[in-house]
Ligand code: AMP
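One chain comes next, on its own, written as structure tokens: the form predicted on its own.
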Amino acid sequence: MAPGAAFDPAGVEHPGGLPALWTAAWAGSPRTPLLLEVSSGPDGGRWVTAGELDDRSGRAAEVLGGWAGGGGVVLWSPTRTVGAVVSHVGALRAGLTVVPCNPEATARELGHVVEDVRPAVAVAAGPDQARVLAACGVPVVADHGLGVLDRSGAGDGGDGSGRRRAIVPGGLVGYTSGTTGAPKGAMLGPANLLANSRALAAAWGWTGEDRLVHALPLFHGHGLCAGLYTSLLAGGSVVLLPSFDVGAVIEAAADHGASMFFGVPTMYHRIAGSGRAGELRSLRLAVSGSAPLAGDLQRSLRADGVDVLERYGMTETLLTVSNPLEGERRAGTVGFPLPGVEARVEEESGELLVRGPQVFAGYLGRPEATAAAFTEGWFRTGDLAEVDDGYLRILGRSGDVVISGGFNVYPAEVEEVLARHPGVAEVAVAGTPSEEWGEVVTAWVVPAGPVLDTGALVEFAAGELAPYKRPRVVHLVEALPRNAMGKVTRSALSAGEGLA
């Protein structure tokens, strides 16, 4: 398909990246309101100005930059707080690589990231988190809620100088996974982050007059790179909600004159079901991503005056394709390549391939996986697609990933945890359709004995897996469907075929 609009390479390769552009704008308009945290915390209920964010993130950069040798900084703290934003921005200003982690990650999941990244330092929002991080052998800086960082905070794990991994500075490592279930760190450099924000600002007409209601995680590319980074680049303001709630979103949009809201399909499903979707018709732009938006849901919202714009992206590529700001937003499609992006559907396999300045450099410490992910400079998305009258339509995934509520869940990781339960002889995991979640994580289990308490099995998984990865449905079966090579056929699981 035709590439997106032409792009200025010099703008993508700005020597200071996003932090330099942010701080220059803040210095010029220090009284501009940027962040409002809706909470009862120390920053709650008041607008943080550009000058204050500049000052606080500068002090955070001094603390984090004090760990000589650079490297990565693991951020393990509650999301959508001013303190979290200060830590993110401070790390980038210090030339460190941000490694954001899900605040609900288990010690096992966090330990894998720390071992993989070998960070220079980690930021913890509380003593419990600090103890877990210190146990992983990483130096810990305390976050005191106001984005004031203290390098003498609890849980100092030592200087870690012998463990640091060389990473492209001033970028981001976002964790994804392959079908093996081992999480991989996608390395996104400063140029990738800047290109993504420049493309979105251009495609969506994003300006300093825009105000975003933000209810997405800051450890995920949708909420962090699209929502936060691009708002700061455009000079817009952000209302940070502690969690997603239909009423809170509607009230924040009305009370603060918001013009934008980003969500995943599960959020829009709940908005539509509330009967209050029409109260968001004043928004200039409502965006859906991270999972397919059902055509019927999009049409229902449109009938209520909310014409949701669906887009497409991945951790490895950030955002690459979008329905148009002006013109038809065609239900069931993700639109056209963003500025600077090229996309094509491979003729033989039907797989979508993309390339452009947003696309990552590779997987951290995994040269073989990186080589396998690219074909002559094109990134292989693993998604099957077709072009319909110029619009790109995603048909499904060539891999086994489950997308539940906008989050990727990799069956092999869940299977490995469940298989450790003494009552499990065999297990297979796949996604099954859900009107609310898109898909739910579903496990098919062959019991090791005559009785298996499925509730106890899910509770066992809770100690090893973040909530969105845990199975919501468990089927007890006599055997698993397998092909002639003895491999479990996940498509048969999802369809309920071949189950004894």
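Residue positions are given as counts along the sequence shown, with the first one as 1. Keep in mind that what you see is a predicted model, and the values were worked out from it rather than measured.
Below, we turn to the form predicted in complex with the ligand, even though it does not appear here.
S.K.: Which of these residues, V334, V82, V74, L280, gets a heavy atom within 4.5 Å of the ligand in the predicted complex?
M.R.: It is V334.
S.K.: By the heavy atom within 4.5 Å rule, which residue out of Q358, S290, S87, T97 makes contact with the ligand in the predicted complex?
M.R.: Of the listed residues, the single hit is S290.
S.K.: Indicate whether the ligand has at least one heavy atom within 4.5 Å of a heavy atom of A412 in the predicted complex.
M.R.: It does not: once the ligand is placed as it appears in the predicted complex, A412 has no heavy atom within 4.5 Å of it.
S.K.: Would E310 count as a contact of the ligand in the predicted complex, using a 4.5 angstroms cut-off between non-hydrogen atoms?
M.R.: Taking the distances in the predicted complex, the answer for E310 is yes, it comes within 4.5 Å of the ligand.
S.K.: Just to confirm, T315 within 4.5 Å of the ligand in the predicted complex by heavy atoms?
M.R.: Result yes; T315 sits at the interface with the ligand in the predicted complex.
S.K.: Heavy atom to heavy atom, is I403 within 4.5 Å of the ligand in the predicted complex?
M.R.: It does: once the ligand is placed as it appears in the predicted complex, I403 has a heavy atom within 4.5 Å of it.
S.K.: 341 to 349, 133 to 141, 249 to 257, 391 to 399: which one contacts the ligand in the predicted complex at 4.5 Å, heavy atom to heavy atom?
M.R.: Among the listed stretches, the partner-contacting one is 391 to 399.
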